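Take a look at this single chain in structure tokens; it is the form predicted on its own.
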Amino acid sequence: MKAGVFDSGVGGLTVVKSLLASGIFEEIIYYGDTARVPYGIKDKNTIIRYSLEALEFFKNFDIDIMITACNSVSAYAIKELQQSAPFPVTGVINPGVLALKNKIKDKDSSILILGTNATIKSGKYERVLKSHGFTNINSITPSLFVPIVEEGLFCGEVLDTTIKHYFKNTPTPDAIILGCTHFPLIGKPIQDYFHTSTMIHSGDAVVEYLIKEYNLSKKYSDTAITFFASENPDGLKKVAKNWLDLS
């Protein structure tokens, strides 16, 4: 079983980390469109076009499923990808909401969605959450988080100041959806700021969803992985080595 994982940059590595830990795939092909990151500030048609170009890349490999780790792609282009792909395509939004539903039973709980401008503007998370009965929903677009993560600043003064800037007037929610795959890379500082909030991580949510929807199970103890990037592949591989603990 071989998976292709697509993201606008390094953020999708947070999904890859969960996939590696799950052992459900024999091989993973990762493609980061680092030349055009971030997607979250781009319009719908551009996101769809970039996503379909990534699909053409993955058609060069014999993959069994494509995982769009980018929330902005999942918000705007998942339908087009599914219609054009010769293999199943899954995003991260529905898995994230289902993971929250499994952890948060009180439908009156306060839910904070953190996402890019494109993801939040799409309203996709809100619509899916409301379809499951959740109504106490707040959304924030911490736009500086993506470039901070792409710079490899996973902790320190710059990040701490930025977190305080975005969250200073935000009451502690019952749950936080990290609605951008870059954000788990700074998940600990966000958790340290809010302390008691339940964090919903796209990677873990995707694994839970794949196991259920495709009847997958842990079969592989050593998943092979290959990295590709549209620009600066060495930079992507450096982040991957640190985040995934690769030798």
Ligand code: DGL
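All of these numbers come straight from a predicted model, not from anything done at the bench. Numbers follow the displayed sequence, beginning with 1.
One more form of this protein, predicted together with the ligand, exists but is not displayed; see below.
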query	finding
Interface residue in the predicted bound form among Leu100, Ile78, Leu129, Val146, criterion: non-hydrogen atom within 4.5 angstroms of the ligand	Val146
4.5 angstroms heavy atom contact with the ligand in the predicted bound form for Ile186	no
The ligand contact at Leu55 in the predicted bound form, heavy atom, 4.5 Å	no
Partner proximity in the predicted bound form: Val37 to the ligand, non-hydrogen atom cutoff 4.5 Å	yes
Interface stretch in the predicted bound form with the ligand - options 63 to 71, 189 to 197, 203 to 211, 217 to 225, non-hydrogen atom within 4.5 Å	63 to 71
Partner contacts in the predicted bound form for 173 to 200 (non-hydrogen atom within 4.5 angstroms of the ligand)	Cys180, Thr181, His182
